[in-house]
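Coming up are structure 1 and structure 2: the same protein chain in two forms, each one given alone as structure tokens.
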Structure 1
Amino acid sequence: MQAGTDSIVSVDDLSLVFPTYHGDVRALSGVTLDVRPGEIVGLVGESGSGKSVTAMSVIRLLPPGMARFTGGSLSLLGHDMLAIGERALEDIRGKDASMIFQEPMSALNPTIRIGKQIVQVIRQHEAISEAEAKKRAAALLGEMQVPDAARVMRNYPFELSGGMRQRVLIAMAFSCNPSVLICDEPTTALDVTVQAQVLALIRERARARGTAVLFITHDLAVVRQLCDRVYVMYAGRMVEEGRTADLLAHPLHPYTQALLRSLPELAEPKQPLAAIPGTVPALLTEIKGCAFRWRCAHAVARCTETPPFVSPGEAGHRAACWFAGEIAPPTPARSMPASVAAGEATSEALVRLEGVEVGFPLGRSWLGRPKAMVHALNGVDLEIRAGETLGIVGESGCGKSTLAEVVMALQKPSAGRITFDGVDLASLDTAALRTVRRNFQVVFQDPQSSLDPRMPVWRLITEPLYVAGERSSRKLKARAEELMRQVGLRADQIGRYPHEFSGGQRQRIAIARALALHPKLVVLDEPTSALDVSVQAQVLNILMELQASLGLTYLFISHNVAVVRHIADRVAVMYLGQVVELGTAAEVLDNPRHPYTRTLIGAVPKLSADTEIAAPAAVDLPSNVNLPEGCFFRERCAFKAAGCEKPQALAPWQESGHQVRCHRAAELPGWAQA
């Protein structure tokens, strides 16, 4: 237990298995990690890498029957965490080490008031009175920038937004002054402006209180902004460790290098991304040697022997690779030769929206009249041009998904006009509408839930054809095979079921299904958000190839600015049901002119920049039930001036096609972002 006596958390050669029906899953194989006082340590990896298991193990949170430690040691503040009993663990959890999780929406008990949940934790660990605990809870909420803490104490979780709930959870985690705070993807479910606030909060509070942080994430840019040191995990092993700046600038391990290369941030827009071929190995059998060798471009015979975790250069920067320090780090992808994309966008409008509004009734009086309206779309003028990729960017609640539904004729607008190929959708009867809808197909975010698990793949892919009247199994199967090949899957696997495929493969199946009817427009609703970056790269590549070969038009909805910048020709930024900025991807995202777009892009963590992320003030989105007067962004805007109280129109900025819904667009200072 003396390994790293000055460490708060010391994990040494830890191994852990999950006993399952099929055998033991080797979730952790010899993981070593240290967290020292006051430092912020990142733990990065893709799904299944074991990063969350490691984090949960630190405070022994995995249910006893679920996991079994098979070797190594684990100590926290000198306690032998593997030997300690449940009662002693209860005293450590929440007091010496506390933890926050990914989903703030579900991490608070829905039936207990916020104040009571915090007070309960404080009084569990400290002998103080109810009144004192309440006072401290309110002070903590204030410290976490929760406005009106006294009211929030009396609120139930459902009355707060996701960002506010995460603040509450952070307050709870800090309530007994822990020595270490473990964060498991705490911002992944949040919008980027809220993420920026929460990250800034964790950093500041941890620094101010001298709390060490173990921060688990899949997002290398977040690590860059937040962490002093970082560990990279792959297939239950530690593959690389080092100071953040070193590790990201000069990655030693081929996996880390490949991971960085697959990021769209670092690639030339519209160019194929360097995806990592293959998938993570199954952990049911023991892997001898390097677990990455099957996907590694540098693998040789020696890689079947377990590589040492060594440091070739700077102390503290080490990697588990025989060739650590010998393999050149990735060439900066920006310098890749730019070739012209095959599919050429025309200026001809495929879909045109004019003044489209959508309102949803909120509750009804006994006469059936809506009590209030949720204004999802508030006057959207937009055209989707044949052959282009139009990216839609915005935070939750901005109307992105409603826009997609309207475009696909699944939702009738309450006002305005939508034309497809010049035909007004409102003029069509049900049968004609059904025929027109074949031109629109959609790919959803989560292929895990968007594919029926009880259908074989060929049925799934050709279901649209079946619905359209094709009943011959032979013809359907033939088409399924063709589509499988198009999306880069093996045609002989059409008899399999969705669970037999990986997440990325499932998303390809979803894409194949969307293509079955030869659509003109494919709506991609966050198609890569549920995927790991290396897989995201594969899916984005496929999408770009298909667009070029089939002449498809994409409506690409995403909250991920980097992905949109990479794939989109034009971009529309949405805020509260309006398009606030529209133009080419380069115009809008590299030189934003609307204050909201600037806030949004400013909040995105950058891999390259050394600047710390700007944290916008903690404000919730204005209500889309009672719309604000004038400019919707006015209350949050740093450039507010006279004239903002009037409704703003989407107007061209200078002479280009770059349009901005802000009367001060020309007056804003130039945009300088590294």
Structure 2
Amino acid sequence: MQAGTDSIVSVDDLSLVFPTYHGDVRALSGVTLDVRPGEIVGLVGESGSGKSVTAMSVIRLLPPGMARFTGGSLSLLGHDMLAIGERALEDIRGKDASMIFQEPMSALNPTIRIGKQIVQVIRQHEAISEAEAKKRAAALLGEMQVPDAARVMRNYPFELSGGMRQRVLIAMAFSCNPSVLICDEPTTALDVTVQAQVLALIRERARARGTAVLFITHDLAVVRQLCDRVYVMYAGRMVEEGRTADLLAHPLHPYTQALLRSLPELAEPKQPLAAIPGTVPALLTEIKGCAFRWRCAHAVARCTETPPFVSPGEAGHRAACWFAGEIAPPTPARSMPASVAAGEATSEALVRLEGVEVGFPLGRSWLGRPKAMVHALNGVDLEIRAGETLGIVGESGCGKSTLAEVVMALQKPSAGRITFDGVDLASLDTAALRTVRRNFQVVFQDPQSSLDPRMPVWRLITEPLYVAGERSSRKLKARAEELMRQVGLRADQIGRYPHEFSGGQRQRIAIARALALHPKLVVLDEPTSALDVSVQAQVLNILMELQASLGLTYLFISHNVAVVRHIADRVAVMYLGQVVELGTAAEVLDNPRHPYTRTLIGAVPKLSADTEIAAPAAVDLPSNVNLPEGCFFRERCAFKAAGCEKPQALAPWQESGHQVRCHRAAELPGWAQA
């Protein structure tokens, strides 16, 4: 592979190691890539494949002394980045090259106002007055479609939503008109409408200014609709490159094919995903030959020799594999065996919510009275049936997490009634409620944050049992071993600590902990959003197998519509504290009748679509302090008409279990996904 001569970013045969007490970790081995002006290049692969290390190497963000380049060259805008001094690097970073990080809350200083942070970046690289810098900062925020930019400039980061913080980071990244923009998973934690808006902003700004963009992600659908070309990395090496459409339609390398097979978009709903067995190899020793051969179904003796990059078909589409172009493309996932087939949900309601409302006081007067109320839930009527998976989707701030807290009796409703297994939770005293709570457990989004790093795994898994009164270490360890086996982990690992496991293994530990008390209901709050596609497939398979074998009921909260479509029996779409559409996953996601559901699904990147991502005209929800009158979605709705100013009720549509909170549901045109 030879980098293009007109490239703004040119990486050629770059190798890098991290010195450790156990030896050198070979993070990058012979990496070559290039990015040209105005081009958006994707970089994909599992966690630990070297994507972020490659990106940070381009602008030398790795701390001195922690990394050592052992070979190759690295050029940015004609500068030799391996020989350049620290002072020159400071001039390049922010001005010629900028970076957007995955978590905006971590990337922004929580103690400095937004406007001042943008102004500091501008004045660091340009000799202009503070007034001019403020004027440019406000203009940048306006270009990023940030409403009321003057107010946002006075805000601190914690006062903004996740999507708003990410738009601030993009504004900051473009503040000095950089020639190179590096995006490291910039939309992973965002819901689909905000993601579409952020991606559209990046694409439009890159094209308008000829900016070269290196875009790191594990979402192949985003790559399909955003990137011109794509590189696939595995174990610190490039294993495939090519035009995005060619590479995703006809992948040459078994690893790329395996990534595609693990996507829920390419599998039948409720069927096991074709997860990639094993994990990325440790890089403490030099790997001879193909690094993927231990996980590859096509490996032969010849794979112990390093394969060359070859191009058997389309020009520029190359892969490092002895069998490039000879292996069949991805096929649909296998059918669910009878032993793990998902059981039919009963018609009996395990949880029933009737007219549930939740409000939070926003400030108090000197008399102790609330100055205003945040209306988190606004008249929710919902059933969770025994044995089913009920998916909850909606934008950030729509009330999904508050709904989960109410269901688990962690939050008392301001109005309405909640029953669990026929028992009214409001009628229980503290002792009785503590007993009932053993029937609900939760699995959070980030297992690293939800597991105590100081406790061995057996203690973490059995902590609910310990709190419930079990004190025998022998019995606790026996239960931990049983649960470890249930979630697909080795029982002899119970003495290890969380940091000794991969992200997917930590999520399995969190699932095992949730099962310790034999719950009837498990709340899954974004359980796969922080995982790459291969680990996501493993976790989803485990969840479906456990539900089938243990008869569990799931409340599955996610902004990943493809995952919800795959695992859920029914789906509830929430908007501003209300359920606006409810029905089977096929009814709601394949034939949406509410305009909001259509907006939500229309913003989802699609692996098969040739069209570019279409950003919604408006992203932010109306205020949940001063609720809109009538239909809450009316001001954002393209189909609004007379009658929408009146409150709407959730009503059946065409005599099915499909319910819609819209009086024009039958009048909307037919729905056809791209």
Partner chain sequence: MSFLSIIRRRLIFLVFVVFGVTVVTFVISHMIPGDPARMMAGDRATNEIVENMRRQLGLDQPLWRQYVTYIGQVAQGDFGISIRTQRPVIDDIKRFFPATIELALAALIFAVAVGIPLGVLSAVAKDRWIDQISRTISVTGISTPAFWLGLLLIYLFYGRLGILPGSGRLASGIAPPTTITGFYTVDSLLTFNWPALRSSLIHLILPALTLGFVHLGIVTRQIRSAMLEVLQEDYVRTARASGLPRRTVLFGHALRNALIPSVTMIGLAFGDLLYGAVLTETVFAWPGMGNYVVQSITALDFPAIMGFTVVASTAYVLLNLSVDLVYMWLDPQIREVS
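Basically, rigid core = biggest C-alpha set you can superpose within 1.5 Å across the two forms. Quick note, the numbers are simply positions in structure 1, starting from 1. Quick caveat, the model's predicted, so the values are computed rather than measured.
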{"query": "Structure, 1 versus 2, that is the form predicted on its own", "finding": "2"}
{"query": "C-alpha of residue 87 off by 2 Å or more between structures 1 and 2 on rigid core", "finding": "yes"}
{"query": "Post core alignment: residue 649 C-alpha displaced by 2 Å or more between structures 1 and 2", "finding": "no"}
{"query": "Core fit, then residue 142 C-alpha moves 2 Å or more between structures 1 and 2", "finding": "yes"}
{"query": "Cα shift between structures 1 and 2 at residue 130, which is computed once both forms share a superposed rigid core (Å)", "finding": "7.4"}
{"query": "After superposing on the core, C-alpha shift for residue 76 between structures 1 and 2 in angstrom", "finding": "3.1"}
